[in-house]
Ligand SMILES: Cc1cc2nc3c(=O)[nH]c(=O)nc-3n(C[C@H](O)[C@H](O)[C@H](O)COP(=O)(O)OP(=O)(O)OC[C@H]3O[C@@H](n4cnc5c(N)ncnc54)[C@H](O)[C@@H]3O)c2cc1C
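Coming up is one lone chain in structure tokens, specifically the form predicted on its own.
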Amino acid sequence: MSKYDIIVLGSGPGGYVAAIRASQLGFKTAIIEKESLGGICLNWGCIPTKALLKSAQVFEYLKHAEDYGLKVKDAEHDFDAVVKRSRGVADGMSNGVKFLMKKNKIDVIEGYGTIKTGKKVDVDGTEYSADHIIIATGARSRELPSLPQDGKKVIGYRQAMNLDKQPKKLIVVGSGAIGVEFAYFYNSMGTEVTIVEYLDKIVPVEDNEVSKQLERSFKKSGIKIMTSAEVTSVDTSGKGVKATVKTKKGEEILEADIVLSAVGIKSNIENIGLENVGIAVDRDKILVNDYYQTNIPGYYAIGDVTPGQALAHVASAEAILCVEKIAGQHVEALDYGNIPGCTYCTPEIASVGLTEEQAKAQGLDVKIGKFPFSASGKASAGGNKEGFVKVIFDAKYGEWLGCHMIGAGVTDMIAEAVLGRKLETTGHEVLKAVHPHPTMSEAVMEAVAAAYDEVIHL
């Protein structure tokens, strides 16, 4: 039996990062993967979807070339080539992880891993043991009883990025990050898209003003949006799909080629041996403490299988913290209130901290500042005037409670707010930090200035 210091089950952005940090700290490490190194994020999630979205964005630029004083005749897209490029990007990233495993002298064990008592893992009949076992098996597309996925006419995100043929009509059920990103992509490619959202607004976790702006932008681009609506059944017996949608006004039948179910994720915790070991689970999540230790000594869990936000950067942060704690280093528990969220449709969305509604619900006296990109020189020059930056500060102490952005490139701007909140930066400190001109990031400073009645360019 092979013996390791640390074995990691799963090689997504939680698992492979845990393995690398473990190796850096001198642990003899192995990682087990049943499919492709990099997990869903690199192979079927974060990375390939961004490649698809970039192709859509470039195509949008070509279609609006005249807005920039340019002439492009008969711009066309090749759907197969767009998908092929996306798969190529994903393959490149997966190969990058292979290189990192080799560089860090991490043993890669291919196969299906099942944890056992006594700090052991069975991989297709071969046993391995370790002092510490980290579970990082991730998640998959969640299925609703009313919306069973057949992989052809009713699909999840995985099939959505690898279709053989572009659908003429697409119904997207759910308007979280996955739903709106695919809605934008397919709409840009020329598919007729309808979004069906159960709650009363799209991107429901976002600030209300951000949600309203995205709805305006999507409707302007031709996407149909149905909120407070529920798909109660689907009929796939014909050539396409007929979806029965329950709304406040009654039932409506929508017809499409394909229905994309984007209603969240389901943790991969079945059939990995949790019951054999006695690891505690609650509501589809493995229970852990602040350092990702389960109730059974020597077994840990990170990423989408735990109760924190199901985001790649959260899994990576948890991985590093978990391993450093095992190594005996002094570590601080992760602040889940300061985790940025990003959505990569156009316009992009990025946010961190409390929304205006949440801050007021907590009874806080707040100062709110908002700066529209229509007043930004860089946004005007780039033809990206949609959206705004919104900041929320505590009126009494100046604490930066939240930051919400919608517009071009905002997913690259949100880190300023995350770092500022981490360092307990006040609004006046942001104001006195000189921001470069002309940039989109100036809007952060201007929004803060607006909160304190010092805005110059509004």
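What you are looking at is a predicted structure, and each value in this text was computed from that prediction instead of being measured. Note that residue numbering begins at 1 and tracks the sequence as displayed.
Form predicted together with the named molecule: not shown, discussed below.
- Residue 373 falls outside the set of residues with a heavy atom inside 4.5 Å of the named molecule in the model of the complex.
- The named molecule is not shown here, but in the model of the complex it comes within 4.5 Å of a heavy atom of residue 9.
- Heavy atoms of residue 34 reach within 4.5 Å of the named molecule in the model of the complex, making it an interface residue.
- When contacts are judged by a 4.5 Å heavy atom cut-off, residue 139 counts as touching the named molecule in the model of the complex.
- Proximity to the named molecule in the model of the complex, taken as heavy atoms within 4.5 Å, picks out 35-43 from the listed stretches 428-436, 414-422, 35-43, 400-408.
- Taken together, the three residues 49, 182 and 302 all lie with some non-hydrogen atom within 4.5 angstroms of the named molecule in the model of the complex.
- For the residues 144, 89, 310, 321, the 4.5 Å heavy atom test against the named molecule in the model of the complex is passed only by 310.
- Note on the partner interface in the model of the complex: the residue among 315, 243, 196, 106 having a heavy atom within 4.5 angstroms of the named molecule is 315.
- In sequence order, 161, 178, 182 are the residues of 159-190 having a heavy atom within 4.5 Å of the named molecule in the model of the complex; the partner itself is omitted from this view.
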